[in-house]
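Take a look at this one chain, the form predicted on its own, written out in structure tokens.
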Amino acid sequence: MDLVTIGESMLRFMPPVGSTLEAADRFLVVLAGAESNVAIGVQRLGMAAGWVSKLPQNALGRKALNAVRAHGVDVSRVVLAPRGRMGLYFTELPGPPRPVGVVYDRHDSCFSTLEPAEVDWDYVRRASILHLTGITPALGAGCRRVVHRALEVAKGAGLLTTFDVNFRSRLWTAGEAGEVLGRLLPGVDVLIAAAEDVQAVFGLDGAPAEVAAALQSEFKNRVVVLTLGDKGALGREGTEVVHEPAVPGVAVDPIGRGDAFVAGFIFGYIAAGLKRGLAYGSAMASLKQTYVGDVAWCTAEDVGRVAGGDVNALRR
């Protein structure tokens, strides 16, 4: 594998666009999960990705497994448990001024019981990149042990490690996140975070270049990337600082946009360095929001075209 990632995926239930969860009498059901979104994203761009997770051995678990496999991602190391429940969440996609609504039903999910002994660490060692997020350690003590062990294995094997802070206030407090992530992030090669998450979790605010420098100094990361919403993204590698503007676009479904940025960044960074990574991340994030569901269905050609400034809506 070029990239292996470890994390939970859920099933996402959506009523028709513009409807509400309360009023809905039918739902579209799709795959949802930060780590699987990244695995699918880089796979669609041309990398070989593997996803490690734990699912219940029932129809819902098979639905999630097959959804990831359909994109070509290797799912051979997913643990299938005879008991346990599938994590679910429900969203509604209204137009302004109504915000996107989210209801989670993931407590005590099958994945939250994952322990290090259930992971095939030799499989992880054979990859080139390990990608993790701050969602996994928020799911419980066992998942924290998995993330800690994963970073140990990756560093021992010489893998490039990428970590998206991805703070979820419904899973843990900012104080808990800061304490746990403060022990996990030192030495991670590529640290990616939304500027608002950095402010909430680490109390760092100010000019993005200064915040990136402070994170790099604190955690000794090779690369720090801050996503800045409609202001784009900023990356710092060594003393080099690069800013990439956001790519304007219509937000049909904004959920999964950050994961698409991460996938695009990793692909571009591996191919040609920091500037290309930021350009591909911004392009892929903008493309993602045009698709309903968590997955960015774009190709490397799509991302390269948008990153190159070609956003012509008519192609025939």
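Bear in mind that the values here come from a model prediction, so they are computed numbers and not experimental data. All residue numbers refer to positions in the sequence shown, first residue = 1.
Below: the form predicted in complex with another copy of the chain, not depicted.
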Inset, instruction - Please check if Arg85 has a heavy atom lying within 4.5 Å of any heavy atom of another copy of the chain in the predicted bound form. - result: yes
Legend entry - Proximity of Ala272 to another copy of the chain in the predicted bound form, heavy atoms at 4.5 Å: no
Legend entry - Partner proximity in the predicted bound form: Val103 to another copy of the chain, non-hydrogen atom cutoff 4.5 Å: yes
Inset, instruction - Decide whether Arg44 counts as a contact residue for another copy of the chain in the predicted bound form under a heavy atom distance cut-off of 4.5 Å. - result: yes
Legend entry - Joint contact, Leu132, Ala200 and Gly229 to another copy of the chain in the predicted bound form, by non-hydrogen atom at 4.5 Å: no
Inset, instruction - Determine which one of 61-69, 46-54, 273-281, 260-268 lies within 4.5 Å of another copy of the chain in the predicted bound form, judging by heavy atom distances; exactly one does. - result: 61-69
Legend entry - Members of 19-43 lying within 4.5 angstroms of another copy of the chain, judged by heavy atom, in the predicted bound form: Thr20, Leu21, Glu22, Ala23, Ala24, Asp25, Arg26, Phe27, Leu28, Val29
